[in-house]
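This document starts with one chain, in the form predicted on its own, laid out as structure tokens.
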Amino acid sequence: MSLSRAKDLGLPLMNLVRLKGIPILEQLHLEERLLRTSSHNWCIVNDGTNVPTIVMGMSGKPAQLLELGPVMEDRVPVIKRFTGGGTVIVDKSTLFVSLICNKDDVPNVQPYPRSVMAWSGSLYGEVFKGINGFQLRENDYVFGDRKFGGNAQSIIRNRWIHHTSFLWDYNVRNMGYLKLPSRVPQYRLERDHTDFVCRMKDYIERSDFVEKTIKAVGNQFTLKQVNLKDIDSYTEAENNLKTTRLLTLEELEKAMADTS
């Protein structure tokens, strides 16, 4: 859609940042910075992350969610992100899409988790149109009863972020680092990780997913591509508001010791 046509339709502006293989810690720091210090809307697409990494929600407890022995033995990085949600292990086969919006630019969406989730489900419904079984189920994107997309959110003042990790593919061995959490979606039915999730590559081409996602976002916003090196001009200077961080080995050892 041309910029002039988009303006005629009154679509709000959204900056699009396309990344490939950026470390997930760097991506999360960028997203937190954009959420808190920018006044613009953003769509960030990151095609994979270069090192297998565990990412936990802000209130996640390592001893309850992780098999800490193997995690420490294999030196798998563990991150606590600035948003809520569950625990995932991500790698080069994970696709990330993050949407940071001013609430006034999506007036049909209330700044509450359920409303944002419903809006995102509709958006991805366009992406997966024609693929049998796609739905938003509880807080997950699924094909049938198997999850392939996990979501997390943060809502502050007049802005919110909704970000998703999509399992294009996964390494079964990596799933062994994750415990079955005490709180799970009802539809999971106590299935282990490999029986609960599926591979998106069995349903859609990787490049098709990225392009269809950008097209779906572009149906609601005027998209302007921004290079990573130019983002500084859209934000305030670096601040001390970062809450996403890499957990230290000492923290993981202490978490394990406290459970013994």
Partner chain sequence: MALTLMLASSRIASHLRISLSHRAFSSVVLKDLKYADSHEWVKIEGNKATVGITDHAQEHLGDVVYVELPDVGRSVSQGESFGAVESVKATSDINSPISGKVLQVNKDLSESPALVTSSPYEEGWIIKVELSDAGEVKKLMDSDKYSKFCEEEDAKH
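Residue numbers count along the first chain shown, from 1. Predicted, not measured: the structure shown is a model, and the values here were computed from it.
This next part talks about the form predicted in complex with the partner chain, which is not shown.
Q: Answer with yes or no whether residue 154 is in contact with the partner chain in the model of the complex, where contact means some heavy atom within 4.5 Å.
A: Result yes; residue 154 sits at the interface with the partner chain in the model of the complex.
Q: With the cut-off set at 4.5 Å between non-hydrogen atoms, does residue 216 touch the partner chain in the model of the complex?
A: No, residue 216 stays farther than 4.5 Å from the partner chain in the model of the complex.
Q: Looking at the partner-bound form in the model of the complex, is residue 183 within 4.5 Å of the partner chain by any heavy atom?
A: Yes.
Q: Just to confirm, residue 107 within 4.5 Å of the partner chain in the model of the complex by heavy atoms?
A: Residue 107: contacts the partner chain in the model of the complex.
Q: Have a look at 72, 175, 79, 117 for me and say which one sits with a heavy atom within 4.5 Å of the partner chain in the model of the complex.
A: None of the others qualify; the residue that does is 117.
Q: Which pick from 210, 63, 198, 58 sits with a heavy atom within 4.5 Å of the partner chain in the model of the complex?
A: Result of the distance check: 58.
Q: So if I measure heavy atom distances to the partner chain in the model of the complex, which of the stretches 154-162, 92-100, 167-175, 126-134 falls within 4.5 Å?
A: In short, 154-162.
Q: Heavy atom within 4.5 Å of the partner chain in the model of the complex: which residues of 67-86 qualify?
A: Residues within 4.5 Å: 82, 83, 84, 85.
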